[in-house]
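A lone chain, given as structure tokens: the form predicted alone.
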Amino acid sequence: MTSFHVRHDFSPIIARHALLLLRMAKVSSEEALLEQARARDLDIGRRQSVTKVFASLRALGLIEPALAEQRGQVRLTDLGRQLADVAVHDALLFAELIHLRYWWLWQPEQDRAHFAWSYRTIATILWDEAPVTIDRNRLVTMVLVAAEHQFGISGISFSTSSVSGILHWLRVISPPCIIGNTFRRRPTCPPEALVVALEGIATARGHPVGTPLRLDAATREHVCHSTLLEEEAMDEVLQQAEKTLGVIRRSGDGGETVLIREPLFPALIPQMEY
């Protein structure tokens, strides 16, 4: 059965520690990683197994497929190394990028990564209804209904544990969108997040890197959906991106456009496959 489940035992601190350990030294197996974690008294080392953690890392494209481990080493992918480098010095940006990886990983043209569809669906529901009290049972029901409508599948593997796996990441991004048990749109977000969102939209529309993207109403709404940003706050964040990340914004007869010279985190946004 196709899994729509988002693993609740893949938490931000566990994910970060796993990538940092894999970045620091060669690891031959799950057991070897556990030994290193225990030697450093890390949270991940208190687990009996990291099989599910490794499964999540593979699903997100951060470590090589299991075959690589059979050859005697667990290897980070290029994207895994990029995010591990971020995790060293900026735990908040690391969490933001994992959130965006979940958001953009599912592609409607491909019958895979349905867990990422679940993630995006929950985040979209909360953004649309904000401010809203989080009701896990209600969110499960809404995802079940949406999956049946979109995929024609009844009784998908999605539960309140899946919701917990999503909320792990929504709770740690900064500034927060969840305070207590209430979801609110964010008053700002890191400029890197906004640029990644624009990259994702351009890729989904088949726009080559380095070509202008129109900032129409649909683009703005999609940016704010994926970054969980209040719509009125987008222009201020975009100004920060212009100053710090080299984004070029222009206005003309055809409307407003933005241009991103090159991806900030290559491979974070999956390329379209036709």
Partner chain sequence: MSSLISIANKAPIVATFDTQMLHASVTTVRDVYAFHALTYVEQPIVADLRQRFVQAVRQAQTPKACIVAPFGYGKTATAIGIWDACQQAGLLAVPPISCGSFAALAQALYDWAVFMLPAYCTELDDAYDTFLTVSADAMARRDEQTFQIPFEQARASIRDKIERGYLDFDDISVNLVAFLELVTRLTQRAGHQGLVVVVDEIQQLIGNANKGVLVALRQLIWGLRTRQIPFGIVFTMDPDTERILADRAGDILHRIKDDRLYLDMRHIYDRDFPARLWQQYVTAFQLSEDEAAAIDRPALESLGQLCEREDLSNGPRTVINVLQCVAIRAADRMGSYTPIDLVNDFLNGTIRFDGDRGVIPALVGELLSLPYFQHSYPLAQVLRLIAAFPRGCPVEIASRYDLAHAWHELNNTLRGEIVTELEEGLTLIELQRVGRPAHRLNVLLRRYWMQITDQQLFAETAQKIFSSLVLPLIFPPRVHDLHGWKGLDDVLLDADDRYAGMLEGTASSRYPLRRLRVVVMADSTPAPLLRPADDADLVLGFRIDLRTEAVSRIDIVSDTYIVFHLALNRAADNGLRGGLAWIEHYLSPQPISAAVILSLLNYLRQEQIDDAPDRDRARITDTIARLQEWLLADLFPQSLFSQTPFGVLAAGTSGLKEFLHQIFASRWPDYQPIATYQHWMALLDDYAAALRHVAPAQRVGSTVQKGSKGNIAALFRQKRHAGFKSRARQYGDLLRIEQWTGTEAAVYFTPHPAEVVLANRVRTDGALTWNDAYQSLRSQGFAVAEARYVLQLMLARAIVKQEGSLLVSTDVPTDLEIRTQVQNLLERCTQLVSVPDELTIKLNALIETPDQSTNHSQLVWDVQLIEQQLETYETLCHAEAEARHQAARQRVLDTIPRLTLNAPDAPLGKLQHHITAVYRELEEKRQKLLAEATFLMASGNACSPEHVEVLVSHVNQWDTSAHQYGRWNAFAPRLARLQTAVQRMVKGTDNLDALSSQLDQVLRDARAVLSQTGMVALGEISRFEPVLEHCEQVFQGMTDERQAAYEQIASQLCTQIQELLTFVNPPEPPPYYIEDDERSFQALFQHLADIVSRTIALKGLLFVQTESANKAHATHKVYGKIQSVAQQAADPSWLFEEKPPRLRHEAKRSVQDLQQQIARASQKVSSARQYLVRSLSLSSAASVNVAMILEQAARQNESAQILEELIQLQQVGALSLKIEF
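Everything quoted here is computed from the prediction, not taken from an experiment. Positions refer to the first chain, counted from 1.
The same protein also has a form predicted in complex with its partner chain, omitted here; what follows describes it.
Have a look at Gly200, Gly80, Gly165, Pro190 for me and say which one sits with a heavy atom within 4.5 Å of its partner chain in the model of the complex. So the residue touching its partner chain in the model of the complex, by this definition, is Pro190.
What is the one choice in Val88, Leu144, Ile134, Ile125 with a heavy atom within 4.5 Å of its partner chain in the model of the complex? Flagged contact: Val88.
According to a 4.5 angstroms non-hydrogen atom cut-off, is Glu230 in contact with its partner chain in the model of the complex? Because a heavy atom of Glu230 falls inside 4.5 Å of its partner chain in the model of the complex, the answer is yes.
Do Leu20 and its partner chain come within 4.5 Å of each other in the model of the complex, heavy atoms counted? So Leu20 counts as contacting its partner chain.
So in the model of the complex, does Glu236 come within 4.5 Å of its partner chain, heavy atom to heavy atom? Glu236 belongs to the contact set for its partner chain.
So, Ala39 and its partner chain: in the model of the complex, are they within 4.5 Å at any heavy atom pair? Close contact exists here: in the model of the complex, Ala39 approaches its partner chain to within 4.5 Å, heavy atoms only.
In the model of the complex, which of 89-97, 157-165, 200-208, 126-134 comes within 4.5 Å of its partner chain (heavy atoms)? Within 4.5 Å of the partner lies stretch 89-97.
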